[in-house]
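Consider the single chain below, provided in structure tokens and representing the form predicted on its own.
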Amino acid sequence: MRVLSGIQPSGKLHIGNFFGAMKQHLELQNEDEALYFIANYHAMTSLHDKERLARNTHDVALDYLALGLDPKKAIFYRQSDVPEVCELTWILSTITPMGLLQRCVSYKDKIERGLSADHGLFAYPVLMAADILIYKSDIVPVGKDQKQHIEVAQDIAQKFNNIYGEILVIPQPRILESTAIVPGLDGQKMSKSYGNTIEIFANEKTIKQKVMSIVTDSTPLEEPKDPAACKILALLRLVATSEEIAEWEDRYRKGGVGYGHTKKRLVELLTEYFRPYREKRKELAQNLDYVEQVLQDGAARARILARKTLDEVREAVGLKYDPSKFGTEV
């Protein structure tokens, strides 16, 4: 099975990214043929600062490698280093119904959040479809909020195949049902868009500042608390043992424990959990030539697959000219 996933370099990666998807993605490199890319074209729909885009792309490369991506097991590359995807995007756009894109929920959500209603944002699902289809990906692991984009890719691939023949593989989403919905500092889902994140590679001081600012209710220390409703415990479940969590839940129900106690323990465990990753990232930051070589090697491997698919597509739609197939006019 060929598995593909990408992540936008739109800001610093946070623990919601890690526990919500990245951890599962990295585990898949041990099971399937995996391709992982830094979606810097996609990031351009919301990020128009060239220095930040370049820096964020660089940081995501360091982050992924530090978190355990193995370039010997997975193909890791920058989206912009595979130009074939842009040509396929245009070809697919010529058969993509407007109505299909107009029904995409994410476009409406982003407009409501204040992003400009430009063509790039509207046509985002076509580029995403090209990312998937150009490698004939079988599986795309996504959260529930991304399922519609995979369905769009399926519809586009099916329409292309109906017109031009069975060339594109119909991808299947692997919904990450077991992944955690990681709450942010304000209780909403942790997201860069909400500014409520705890960054993976933050230092201990910053982690402490973030954790201590988590919004809680005003239940007095001595009173019982509902462990299922506590966002601090929800975060603690990501990094604590099941035995420790059971102890905290029991203490909550009995009363006599304050949210400050839980926050203190969360700081300790988050700091310790990500410590080896932070050390690995420091090492990689001293060897940027290696990081760049990984991306270039990954792009070269990805382009072999992409070129093969694009050649088939160009042949199918009539862009690959073969004069031997046409007679000579007299």
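Keep in mind that what you see is a predicted model, and the values were worked out from it rather than measured. When you see a residue number, it is the position in the sequence shown, counting from 1.
Omitted here: the form predicted together with a small molecule. The next part is about that form.
Proximity of residue 252 to the small molecule in the model of the complex falls outside the 4.5 Å heavy atom cutoff.
The small molecule is not drawn, but in the model of the complex it has a heavy atom within 4.5 Å of residue 124.
Using a 4.5 Å cutoff between non-hydrogen atoms, residue 140 counts as a contact of the small molecule in the model of the complex. At least one heavy atom of residue 146 is located within 4.5 Å of the small molecule in the model of the complex. Contact with the small molecule in the model of the complex, judged as any non-hydrogen atom within 4.5 angstroms, is confined among 162 to 170, 87 to 95, 130 to 138, 216 to 224 to 130 to 138. Residues 209, 212 and 262 are none of them found to lie within 4.5 Å of the small molecule in the model of the complex, as judged by heavy atom distances.
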